[in-house]
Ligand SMILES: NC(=O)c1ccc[n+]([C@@H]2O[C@H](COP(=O)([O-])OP(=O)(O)OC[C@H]3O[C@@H](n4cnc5c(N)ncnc54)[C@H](OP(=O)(O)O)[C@@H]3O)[C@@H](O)[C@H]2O)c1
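The chain below stands alone, shown as structure tokens; this is the form predicted on its own.
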């Protein structure tokens, strides 16, 4: 079979399409003929050898995918740590879910990481009906969320979910063009961080009150800035470190306003079959009603996997980047 292989640790240039042995399923596994793979920032970290749990090269890239189960013909989407960017993959059925009715494999491959991360971020922030500690302030004032990288894959998913939860959304991006596109999805307030300080702008837009939660995947000083964007009892949900810098915390602000920071790592949560099942079930009505859909900015052949990673690293993408397999 053909596969996108990380030949050695490094940047996009180390990705090559090679002939690899077909996977041999273990007991309880099925073979999926992969048709499309979603590209994530975590894939670029795996390529560089800096993502926890990544094997030494050479290995097959890719963590989310969509295709057809060989034995049944069922159309599925799935999630793994690596190995998805190939014509075939062996998977346990509990990490596979039905493709939404009427969706292509390209759309389905763009769904799991972004929408599960976004939904679980709202859940962790106490802003979904099934949250353990729901924030019940919406009867007094509209709840607010700040979404960093609002034009990215998780960002565009979070904007759509926020609209359905009647949450006022604030989003940061590096260009007005991207913000204009996200506003068509329902973003209430766009902030171009190249032109204005988002911490100051959030305070201006909220009359000094702040937001209930921030979805933070930047790291470094942005974690402290995000905390200062919150109003009392607010939460910062940390799900990445795009800057590569250790998260900084403003403990003074945390104590003064009773704030908290929560970690979220889908690679670990994906092993919680019940949690993922509940999350997908919660989003299913929205999918069936056509209210949730992945935003795909680029669809490239698997031979251009390196270019897909470059687009991701240069922040030149809008929404999701998808590779067509085969």
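Numbering follows the first chain given and starts at 1. Nothing here was measured: the structure is a model prediction, and the numbers come from that model.
Note that the form predicted in complex with the ligand isn't included here; everything after this is about it.
Tell me the stretch among 89-97, 102-110, 224-232, 166-174 that has any heavy atom within 4.5 angstroms of the ligand in the predicted complex.
-> Among the listed stretches, the partner-contacting one is 166-174.
149, 217 and 313 each touching the ligand in the predicted complex (heavy atom, 4.5 Å) = Looking in the predicted complex, the three residues 149, 217 and 313 all sit within 4.5 Å of the ligand (heavy atoms).
Heavy atom within 4.5 Å of the ligand in the predicted complex - the one residue of 205, 242, 76, 185 that qualifies | For this set of options, the contacting one is 242.
Heavy atoms within 4.5 Å of the ligand in the predicted complex: does residue 160 have any?
-> No, residue 160 stays farther than 4.5 Å from the ligand in the predicted complex.
Can residue 265 be called a contact residue for the ligand in the predicted complex at 4.5 Å between heavy atoms?
-> Flag for residue 265 set to yes.
Proximity of residue 46 to the ligand in the predicted complex, heavy atoms at 4.5 Å = Answer no; every heavy atom of residue 46 is more than 4.5 Å from the ligand in the predicted complex.
Residue contact check: residue 144 to the ligand in the predicted complex, 4.5 Å heavy atom | Close contact is absent here: in the predicted complex, residue 144 is far from the ligand, nothing within 4.5 Å, heavy atoms only.
May I ask you to list the residues of 181-198 that have any heavy atom within 4.5 angstroms of the ligand in the predicted complex, in sequence order?
-> Just 193.
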